[in-house]
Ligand code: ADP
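Shown below, as C-alpha cells, is a lone chain in the form predicted alone; questions about how it binds or moves come after it.
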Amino acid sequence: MKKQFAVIGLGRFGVSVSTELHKLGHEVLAIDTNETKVNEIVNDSTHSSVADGTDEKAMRELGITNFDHVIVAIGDNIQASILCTLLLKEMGIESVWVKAQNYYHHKVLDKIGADKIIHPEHDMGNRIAQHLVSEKVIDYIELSDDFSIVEIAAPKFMNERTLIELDIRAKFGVTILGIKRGKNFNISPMAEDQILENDILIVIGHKNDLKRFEETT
C-alpha cells in the first residue's frame, strides 16, 4: 500500500531514508534548509523543497499535515530538531519519528511526544558487535535494554524436528517468531512445523536467554 512520507533534514541519514522509501514506491517529500542538498535528492524523492522545519507557516504551505509519517532527520542542530518535533506534534501529525543525537536529546524528544526515537549509529553499532562476537547471528535488532530479536541459522540438531519436539520456549525462554526457508517465510509457525538444517530462525527473547540459546546451537 502506497504511503506518504515527509523527511525533514537531508544529511546522510535523511537522504538514505528518503531514497529507500522512494525506491519502495512511496510518496516522499524531502525537506531541508540547504538548497544544494534539496537539489541533490530531486531524483530520489517525489517532491523536494527548501524550507525550515521549525517554521509553521512553511510546513503548512507544504501540506505537512496530509502526510502519514514525518521523519525528523535534522543533523547536529539539536534545538532545531526539538522545535521541529514539537511543532509537528502540535500540528496533529500522528506519526513523528526523530533521529536523536544523544541520551539527553532522546529524553527531551520523549517528553515532547516523539512517536519513535532513532539512534542510527547506536543501532548499527549493536548489530556489528553482535556479528563480531557470534558467527551464528545473521542479524540483530535491539528492542529495549533487555529484549532483542535475532536471525540465527538453524543448527544441525534441529534438522527435521518439529517445534513441539524441540520445546524451545520451555528450554531456553525464547520464542521463534518465524522461519525463513529460501525465499519462503513462515510467519508465526505452528507447533507441528518442522525445522530443516538450512533454515533461518527469527527469535525473540531476553538477551540472556538469547545468549544461552546461541551457545547451545
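Residue positions are given as counts along the sequence shown, with the first one as 1. All figures in this text were calculated on a predicted structure; none of them were measured in a lab.
If you look for the form predicted in complex with the ligand, you will not find it shown, but the lines that follow are about it.
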Please tell me which of 34, 162, 175, 188 lies within 4.5 Å of the ligand in the model of the complex, judged by heavy atoms. 34
The ligand is absent from this chain, but in the model of the complex, do 51, 73 and 80 each have a non-hydrogen atom within 4.5 Å of it? yes
Using a 4.5 angstroms cut-off on non-hydrogen atoms, would residue 12 count as touching the ligand in the model of the complex? yes
Residue 6 within 4.5 Å of the ligand in the model of the complex, heavy atoms: no
For the interface check, one of 25-33, 163-171, 61-69, 148-156 should have non-hydrogen atoms within 4.5 Å of the ligand in the model of the complex; which one? 25-33
Can you tell me which residues in 153-180 come within 4.5 angstroms of the ligand in the model of the complex, by heavy atoms? none
